[in-house]
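So this first bit is one chain, no partners, the form predicted alone, shown in structure tokens.
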């Protein structure tokens, strides 16, 4: 009898399930960061690890976890013994080793002992937040690492032999020139990471940069940002990195599976304060406060913030928004039968207009943005939201 064994066949067709753990501890707050974070203390870290174990026990899932992602905060700031303890909790709930396991690192906290703990746990992907190689720009961002620490940390990460190594860069920084950004990209490429993420600086409310923007001390320049986007894409294409999402580039086999599964609107479980979840019919987040999160977990409560029913229409809307950010685009023919109640007439009219304006391409049931369209991906996402908010659909 040919074909896969029953269990293998089930695994091959099973929808991916992600696990995200938000580690909220940071030694200092970067000027651009709006993620929930708090200063680490021995007591606080211990309570957090206890809480993760308690919350994991509250989640009802039987399917194996496909991908794991530790974000923050700075997960790599935990002591080796605490990294091992957190990993043990994760592995106990994963049903085996995940296909991909990513941990975010900050250059200033990368040590051989921490990397050894992560490798021993089964981590496959290290993602290091470099942001820039220019000392003045790092200082302007409030980053707590130096150029020398970047190189020392990268050498240590490579020596640990993770399957994939990613570097994060940031552009359109206050005072940053096109030449400085091109130099940052060149330096990153020279290190030969498997994956590069290049993010345009955004001004989030309640951050130091937002205050500077509101005071007129820094200014937005969309035309400058567009030039930096386009130069990045050209430079990385020449260096052999394939763009697969507006801000993400990889060598073959090194795209981030956890992010791809999220953008494709599969399910994930979020653990930790402020962690979001899309699972078991609901989407929502945990409260963004360590003490409040622990109190609620103690009462058996989780995903209480912004909690909404995970309808097929909500999935379809976000599948379009995030799918259009990916170079592959999104397959409408797969979403129409899953969500017949969505306002497809309004969506089709929008997509036809985008195609007519040279911002999108239609290929059968698939739609994808052009290079010019990806420059306007945020605006396109807003228009998709507007199409799904038509009066006829809401009614």
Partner chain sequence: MPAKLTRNFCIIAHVDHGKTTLSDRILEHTNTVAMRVMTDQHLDSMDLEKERGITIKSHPVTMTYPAKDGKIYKLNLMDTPGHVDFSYEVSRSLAACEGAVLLIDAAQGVEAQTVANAHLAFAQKLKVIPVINKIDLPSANLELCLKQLEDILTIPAEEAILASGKAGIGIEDILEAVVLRVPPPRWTEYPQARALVFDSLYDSYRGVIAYVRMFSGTIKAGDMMMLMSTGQRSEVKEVGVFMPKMTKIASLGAGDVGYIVSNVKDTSEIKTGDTITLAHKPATEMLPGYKEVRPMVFCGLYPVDTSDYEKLKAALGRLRLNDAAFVYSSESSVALGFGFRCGFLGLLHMEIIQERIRREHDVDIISTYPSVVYHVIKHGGVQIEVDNPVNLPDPGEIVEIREPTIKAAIHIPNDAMGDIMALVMEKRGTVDHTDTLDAARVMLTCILPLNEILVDFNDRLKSITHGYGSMDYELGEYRTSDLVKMEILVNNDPVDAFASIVHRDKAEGKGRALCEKLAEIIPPQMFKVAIQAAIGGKIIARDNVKEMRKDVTAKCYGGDISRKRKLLDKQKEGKKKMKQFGRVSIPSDAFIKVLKTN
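All figures in this text were calculated on a predicted structure; none of them were measured in a lab. Positions refer to the first chain, counted from 1.
What comes next is about the form predicted in complex with its partner chain, which is not displayed.
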| query | finding |
| --- | --- |
| Interface stretch in the model of the complex with its partner chain - options 235 to 243, 258 to 266, 147 to 155, 181 to 189, non-hydrogen atom within 4.5 Å | 258 to 266 |
| 276, 354 and 359 all contacting its partner chain in the model of the complex, non-hydrogen atom within 4.5 Å | yes |
| Residue 85, heavy atom within 4.5 angstroms of its partner chain in the model of the complex | no |
| Residue 139: touches its partner chain in the model of the complex, heavy atom cutoff 4.5 angstroms | no |
| Contact of residue 375 with its partner chain in the model of the complex (heavy atom, 4.5 Å) | yes |
| Residue 386 within 4.5 Å of its partner chain in the model of the complex, heavy atoms | yes |
| Answer option from 289, 230, 120, 301, heavy atom within 4.5 Å of its partner chain in the model of the complex | 230 |
| Option touching its partner chain, based on a heavy atom within 4.5 Å in the model of the complex, out of 296, 195, 325, 93 | 325 |
| Heavy atom within 4.5 Å of its partner chain in the model of the complex - qualifying residues of 297 to 324 | 306, 314, 317, 318, 321, 322 |
